[in-house]
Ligand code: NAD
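Below you will find one chain, with nothing else, as structure tokens; this is the form predicted alone, and questions on how it binds or moves follow later.
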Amino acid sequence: MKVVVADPIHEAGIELLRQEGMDVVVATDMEREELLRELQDADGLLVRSRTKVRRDVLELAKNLKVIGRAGVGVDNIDLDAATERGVVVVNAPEASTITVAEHTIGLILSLARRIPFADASLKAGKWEKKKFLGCELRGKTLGVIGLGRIGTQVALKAKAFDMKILAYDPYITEDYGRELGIEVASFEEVLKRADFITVHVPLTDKTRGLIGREEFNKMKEGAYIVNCARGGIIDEDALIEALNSGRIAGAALDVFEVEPPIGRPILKAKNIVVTPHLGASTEEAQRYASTIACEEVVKVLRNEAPRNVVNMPAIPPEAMEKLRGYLTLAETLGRFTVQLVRGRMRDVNVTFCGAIAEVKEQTVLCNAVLSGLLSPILTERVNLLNAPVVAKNRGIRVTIGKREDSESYGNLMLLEVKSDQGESLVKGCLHGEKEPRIVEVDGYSLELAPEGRILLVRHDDRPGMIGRVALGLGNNGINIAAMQVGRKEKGGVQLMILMVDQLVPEEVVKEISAIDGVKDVKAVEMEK
């Protein structure tokens, strides 16, 4: 088997490939044309972030079976094209977990004992012992926002310093927290009670600016905040204000809204410790990333089951053709429903009806539902292989059912999600062979093509409600493309579905929610 190493990786991984009998071509210094020639008969490819593996590369590399990413992110790999060509993409998500967690702890210690400031002072020829009075971590409360792999490791390491751990993660159950000795709390509680706050969430439309002026004003006076996740989660302008005013005692950033942040105001703020995105930069992390990725590549080439598959598992072509539309429906149903659910998911029930009930690969379809449910809310990529494990690790119970009755539809998929704050039941079917449709939401019948941006408004069934909602959107420059209204009974509560051309900001959602007679408003984003 021939494996091409396109980007520099730790020598330990290359040595592992050779020990496994692979024909290794190190192409890190090759010009692109020469690299492409080597890929024409390659079985495996190892990359980091530099090499772009787009559709044209995959079409050229006709023998390619696996791409290994020595790290986490796969933005440089065309996953759709890889999947279409049956190329398995694997990565090493756990490689930097400990390294980033340790860097976070290092920054917390640096803030608590004011180490960087004291270092700079002494090197400037000053002896200012009284100026750099610090604080112990013992007995302090650490607020962890995002309890994934890295957040969990930070919490466990902080416990060794006798810190109390308070965590917010809307998709982690209280039982899971208790197992780790961590108190699971609301976002507001973490802000108000924590002495130190550390952020470990992905950067998405929902988490961009997660910590802004309003959040800083809710924090304890004299609190500290650390971000080793992604730049943009903390509003840097708001952070500068909070630091310079003394609202918070200090901050430590390894990531920034703009990288590198040379010349930006954030670097001149008071009491801030900064590092140049060093979270994953250790000898051990680079070694682990290299060896884990290479081990995964070897497993695929030896027809063994890898752990860290990023894209779809291999499914026979004839089965795949039959499943294709249903997979799209399943993933769409999950992605739609997760945006209706409030609180921590506890139970997921998937029921297949009619023609779908006869499909053998129902587990794969259920995994596609879970992928749609979990992908928008987690840092790690959730796919058809790891979705059940991810759900289980978060204390989510998953059940699959089937029935012959499809309620006058040829095929029907039911998704019921229960959380600690309620439940939602959404039904979907395929229109033709490829187009998903949502046909019922919590008992309201409708006919919805789940695309683009959607606003769901529950309101009293009385005159003028549609006009008030439409006016509220219009006053905020949001155009309505289409609308439909459903009700269960006359004079009860209606469900209004609005297809809109613009993203509906949170402040507009709150404005619509405040209209007399409006019961609930949810903005749904179906564009990936």
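Just so we're clear, the structure is a prediction, and the values are computed from it rather than from any experiment. Start at 1 and count along the sequence shown; that's the residue number.
Although it is not shown, the form predicted together with this ligand is what the next lines describe.
- Partner contact region in the model of the complex: 278-286, out of 444-452, 411-419, 278-286, 301-309, criterion any non-hydrogen atom within 4.5 Å of this ligand.
- Of the residues 225, 329, 294, 228, just one reaches this ligand in the model of the complex with a heavy atom at 4.5 Å or closer; this is 228.
- Checking 378, 180, 79, 340 against this ligand in the model of the complex, a heavy atom within 4.5 Å turns up for just one residue: 378.
- Put simply, residue 151 is close to this ligand in the model of the complex: some heavy atom of it is within 4.5 Å.
- None of the heavy atoms of residue 349 is located within 4.5 Å of this ligand in the model of the complex.
- The closest non-hydrogen atom of residue 436 lies beyond 4.5 Å of this ligand in the model of the complex.
- By the criterion of a heavy atom within 4.5 Å, residue 216 is excluded from the residues contacting this ligand in the model of the complex.
- Within 4.5 angstroms of this ligand in the model of the complex, the stretch 231-261 places a non-hydrogen atom from each of 254, 255, taken in sequence order.
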